[in-house]
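Only one chain is shown below, in structure tokens, and it's the form predicted on its own.
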């Protein structure tokens, strides 16, 4: 970590590893999460859940529960449907997409095991759970549709008969001539890949308190979410409450990773229950509930092939992706975005032009699958990079050489991918060269050869990636979804000369408040310690997209920068009036107004504030000090700011047991301007760990009847610190020219290629034995099967 020294220019914060100002508070146990909040007259809800994956609700007998001690309300789907309008998780630009309407609680049937059916509200959670056990629901079980092939069978039961089939969406991309290219290619490699479901397992599970006050009327929701403005809009529209009367507060968040930006049935029900009771109602998902009600991620089967000439030059890709999303498409972002990004990111780093892909998104009797950290990226990256390694093997080329010969040259940008993505400027060759040196690739290969003679089998895997960040309105706006691509900031000089920044991007523990403070401090010319950043409250901060899709630094940071410039202009205007000086000859530095040419301090910012707030009568006539500004910024130019990089994985495989020891991971990435190296590196390391979790450990396993069979932390494996390797991170910086700041996103870079590098490393380690694997997680049993041992 590089600390600020006296040698640095005053207020030079961008590019510095400034520690998070909230870190000490959180480490001291002073974090305030929704779980910590207790409101006067607050009640608690417990849900009665379906034991079946697919069943009709014949009857509900809740009389005994209503008479139980402390119970204030027992509500069914019919009760809540009287208050809440249904929602449908589709987007207009996914032509032909369909999904059934959803309500807080079901009325006539259940569609996954674990779906909440009846809400029991009581004085305490324990009383609510006791009463919930007294609710008797008679179900008529129906055949469950679990497997993605069974879901597409014309004779399969249709989960939502009004839709006509279990197909949610089908998309096709075709540049043409793909069959001709494959027919004439010197070599073709192909594989069938399987990506298991996994889930976020955040330290803090989903939590919400809804507090409806009928006297105003006003709805206040304390919500563990990364997107408070989105939920303000949803609660307003679906419960018919004016938007100005809905306040959503997102306090400290114990992890989100995309999981906490979707609309959940239990959360929507909590709002309705509060309206019905006129009292605050709290719901916190316990760990068992989280496994069966949080969104799951991935769940893809991809059949793909790649054509190349005799020298290993890639000519074309042909892809079929089938993905299962549960019984509904998630709302409001949809579950199709996952598959859409899979088939549009395939082959993104490479030069070939011929591409064809078929995407089928199907309904199943499982909990919803939708957007999670690095949406679709690991799937596209793993398929592409494994096929590239297979071409390398066929042509007897080194894995670096095959990539160097096929990656888009760094000086060939801007360019457009075969799937239509427009790349401003990427740097794969620079990243590839840097990671080779960083990891001592040649040394590792020599060591690998020596160790194989001793019966020790190590593998080296390389994977390049492209990441989608800084989404413009082309992401959700064009689909008719009310998710903002812009952000807003209000910047104020306080009477003491401090600075308050109220901004729409949110703090999830990733360092939003830190980087925003750095940007404002540098561009306003004040010390970072004098800036307070406030996030996560729709009542006090301006409307904006908040935090998703790696947009916080790139869009929120640019918003803060432009707001700081605007406020600085206002401050200098007032200073010029006081000093009887040309504002253009003044600047701000270290909390002072200085002479721009000489650096001489002229008047302190605190004195400007004192005069403006308390002695405006001493200002020249006509001077109205504007020491607060509100500013909004929406991305223009490229629809997305794509980032890129390379990951490498080094591991050791026990070929007798299938156990894997991950030895080291290297990441060289290019997120444009690096605002805070410390936070960027830790974002990447955290992302890599999540990616390795999917690669080796995590999987939601379902039985044939649609039951989740490992829905607890006793059965579901998450990576632990002892299993994680050292992760070395380095950077190449190619700032986007669409903004002054030049920053792109970085939050998903670590996850995007971790599985791909790991899979290539495992296959490299197994290569002496002729075994291959194309399924994640790569469990010991699957590895032993690939080796032919079982």
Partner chain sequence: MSDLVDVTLKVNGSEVSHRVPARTTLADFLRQTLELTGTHTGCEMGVCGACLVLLDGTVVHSCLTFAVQASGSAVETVEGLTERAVIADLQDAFHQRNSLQCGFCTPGMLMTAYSLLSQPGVPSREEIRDALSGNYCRCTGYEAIVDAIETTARNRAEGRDAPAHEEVEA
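Positions refer to the first chain, counted from 1. Note that the structure is a prediction, hence the values are computed from the model and not measured.
Note that the form predicted together with its partner chain isn't included here; everything after this is about it.
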Can you tell me which of 448 to 456, 168 to 176, 342 to 350, 684 to 692 lies within 4.5 Å of its partner chain in the predicted complex, counting heavy atoms only? 684 to 692
Look at the candidate spot formed by 487, 545 and 739 and say whether its partner chain comes within 4.5 Å of a heavy atom in all three of them in the predicted complex. no
Interface residue in the predicted complex among 71, 144, 679, 248, criterion: non-hydrogen atom within 4.5 angstroms of its partner chain: 679
Consider the chain as shown here, without its partner, and state which of 712, 565, 657, 628 has a heavy atom within 4.5 Å of its partner chain in the predicted complex. 712
Taking heavy atoms only, is residue 20 within 4.5 angstroms of its partner chain in the predicted complex? yes
4.5 Å heavy atom contact, residue 640 and its partner chain in the predicted complex: no
So in the predicted complex, does any heavy atom of residue 253 sit within 4.5 Å of its partner chain? yes
Wondering, does residue 35 line up within 4.5 Å of its partner chain in the predicted complex on heavy atoms? yes
Heavy atoms within 4.5 Å of its partner chain in the predicted complex is the criterion; list the residues of 498 to 515 that meet it. 508, 509, 510
